[in-house]
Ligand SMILES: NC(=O)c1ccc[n+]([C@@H]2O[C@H](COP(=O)([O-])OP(=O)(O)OC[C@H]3O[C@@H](n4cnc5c(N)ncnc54)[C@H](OP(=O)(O)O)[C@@H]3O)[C@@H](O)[C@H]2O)c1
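As structure tokens, one chain now follows by itself in the form predicted on its own.
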């Protein structure tokens, strides 16, 4: 029997992608699409907002009153929160108490302590016990913990691209002691969400850095890598996708073969990570190769004389950076078929 699923915050880009994948999944059933009670999208068909879903997803966006959150768990065994951080913070405990398994796509439970929330997210976290319980949903690295979890904090988009690139080197002990990796990453404007602003207006978008030395994803990357990083995000004039370029100082004497072996050890048999050095040597990951796919593409080059490696990572921010990674986590949590995780 299929597991029933509901999406709260279903009208956005992430919610639409989730709805498409749940509908196509042979072992999941879409049981509810919700938006806030005051949303202008309430009562509309999801496919009328995201027309790629015409004939794919037939559901209507239902208004969800704050006092009715627990009722979602009576309709769905699995609840996805594609909501603002503070809303996820408020809703997740109530859904868990009502018996749902929660997959949160916000940052509300990605840390095991409360300090980053007051410093970077504008609210004081009230549920330290859930911060300790939540499992970080970086699928390729936390599969065993995900299998027993009831609250999965799906990794952020920039952190996914960065951590998948860096963790094999860190795990193999190949990053020079005390070295602080510098991550330069560019994202398409869909990373800002569906609501129109001057910043993501087509006529205003340019290639430019933002959040320099102040972006909230920096502490998330550092926390789950286990060392400090310098993270500089950029806005690109394209709809979706992320490319991160990272230069890393290696332990003295590290060879290219050792770096190759670290990535092979980390990702052999992991279907959603594609290693360019194995599959298409001499080529580099790109936006076009990952858009509307669930893959993280990784490529690297070692300069043994300088003792450095440059790693390039590419993902679709809406899929591997959000929705398809959430479905990966569902598959792991419930032992489901690893079906093709394609977008809408």
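Residue numbers count along the first chain shown, from 1. Since the structure is predicted, the reported quantities are computational estimates derived from the model, not experimental observations.
There is also a form predicted together with the named molecule; it is not shown, and the following applies to it.
The closest heavy atom approach of residue 20 to the named molecule in the model of the complex falls outside 4.5 Å. A residue is said to contact a partner when one of its heavy atoms sits within 4.5 Å of a partner heavy atom; residue 35 meets this definition for the named molecule in the model of the complex. In the model of the complex, at least one heavy atom of residue 91 sits within 4.5 Å of a heavy atom of the named molecule. For the chain shown alone, residue 329 is not a contact residue for the named molecule in the model of the complex, no non-hydrogen atom being within 4.5 angstroms.
Heavy atoms within 4.5 Å of the named molecule in the model of the complex map, among the stretches 202-210, 185-193, 123-131, 137-145, onto 185-193 alone. The listed set 82, 164, 153, 244 contains one residue whose heavy atoms approach the named molecule in the model of the complex to within 4.5 Å, identified as 82. Within 4.5 angstroms of the named molecule in the model of the complex, the stretch 1-29 places a non-hydrogen atom from each of 8, 9, 10, 11, 12, 13, 14, 15, taken in sequence order.
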